[in-house]
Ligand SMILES: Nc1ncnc2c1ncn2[C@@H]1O[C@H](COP(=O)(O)OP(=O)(O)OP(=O)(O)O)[C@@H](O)[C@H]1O
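Single chain ahead, written as structure tokens, the form predicted alone.
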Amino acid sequence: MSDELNGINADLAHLARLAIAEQPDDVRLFVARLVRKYRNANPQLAAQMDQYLRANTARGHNPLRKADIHQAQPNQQLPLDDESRLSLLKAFNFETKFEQPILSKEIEESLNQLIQERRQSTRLISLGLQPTRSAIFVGPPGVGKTMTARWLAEQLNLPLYILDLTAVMSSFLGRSGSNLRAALDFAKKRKCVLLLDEIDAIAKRRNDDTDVGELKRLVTVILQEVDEWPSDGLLLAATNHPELIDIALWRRFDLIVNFGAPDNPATKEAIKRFSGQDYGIFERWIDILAFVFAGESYSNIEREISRIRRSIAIGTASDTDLIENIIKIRSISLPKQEKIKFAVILASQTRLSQHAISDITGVSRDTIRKYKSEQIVTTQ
């Protein structure tokens, strides 16, 4: 009984974490897993969660954050899970031009190559060559993997389908593999871009003893499908956990694209883009904010910038107060030398007094004066 209670507590804690982090897709996926987990042990609880899940799906769900795109035409027959009657794929059409994500030079070159190959596929095929048919995006959450898939689909003028893991993972033994194959077969018959988001959930290493046999069969299905993907379509995958993916899958993909946290120029570009019409307010803080947001994902940067813009718009605080507060919070976790470097930047590029900078960063005024003087000497 104690083990069962601990398991329930752990599930509740994990569900709360996902909800507080505002990750609705992950919440839906986890609830679907809980339905399967508790179907035998607590059928009433499982039935209630399943009812909530289906009600949420019926109201409509958009797995693409910040999307101004619309679901495909209702007369398009997408494959369904026989048990839940949920669609195995989410389909999207683009009605407005989508701005290119902020990408590193290396990623941009790789994707431009992919786009040109697709646009000149006839020439490549006439020479006995195949255009890139598949690519896997690797990187932490919030660095633009899904946004890039959207942008690629628009550049290629192709519809975008996204595999819905909640629907694919059936509670019936053997059904998940059939669902996955049905979804992939549907996409293969259409000239489209298919995104397997969070592919690590269905393509785990087959030597992982914690997984049941059915998940191992899913890996086999994916390996076969990647090998046989048609040249007029594009198969994309994305993962936050490359260490979980079966080794055999890596060599199946034509292209591996590594997404990292934005560097300093990319961070500044993100601040500029997310500031929108308020960039004039943020421009004088650009170097400071770039330092503060170093190592952060694009989604975190956008969240902070939007929060500041809203506060300024409704007059609850000034940009100076808001940004000084961010500086103070972020500087607490900086190593000693990084704090000193940050304090010197503040002293050199803002009108803040050394006394205020010392209060914000915790670096003494004597230390600020010393390092600022050394900086001046170095630049002379």
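Remember, predicted model here, so these are calculated numbers, not experimental data. From 1 onward, residues are counted along the sequence shown.
Only in words, not in the display: the form predicted in complex with the named molecule, which the text now covers.
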Worksheet item: the named molecule isn't shown here, but in the model of the complex which of P131, P159, G233, P101 has a heavy atom within 4.5 Å of it?
Response: P101
Discussion item. Considering non-hydrogen atoms and a 4.5 Å limit, which listed residue (I308, L194, V143, A183) is close to the named molecule in the model of the complex?
Written reply: V143
Worksheet item: Wondering, does F274 line up within 4.5 Å of the named molecule in the model of the complex on heavy atoms?
Response: yes
Item to complete: Could you confirm whether Y298 comes within 4.5 Å of the named molecule in the model of the complex, counting heavy atoms only?
Response: yes
Discussion item. Can you tell me whether N240 touches the named molecule? I mean in the model of the complex, with a 4.5 angstroms heavy atom cut-off.
Written reply: yes
Item to complete: Tell me, yes or no, whether M147 is in contact with the named molecule in the model of the complex, where a contact means a heavy atom of each within 4.5 Å.
Response: yes
Fill in: Partner-proximal stretch of 281-289, 243-251, 80-88, 298-306 relative to the named molecule in the model of the complex, 4.5 angstroms, heavy atom
298-306
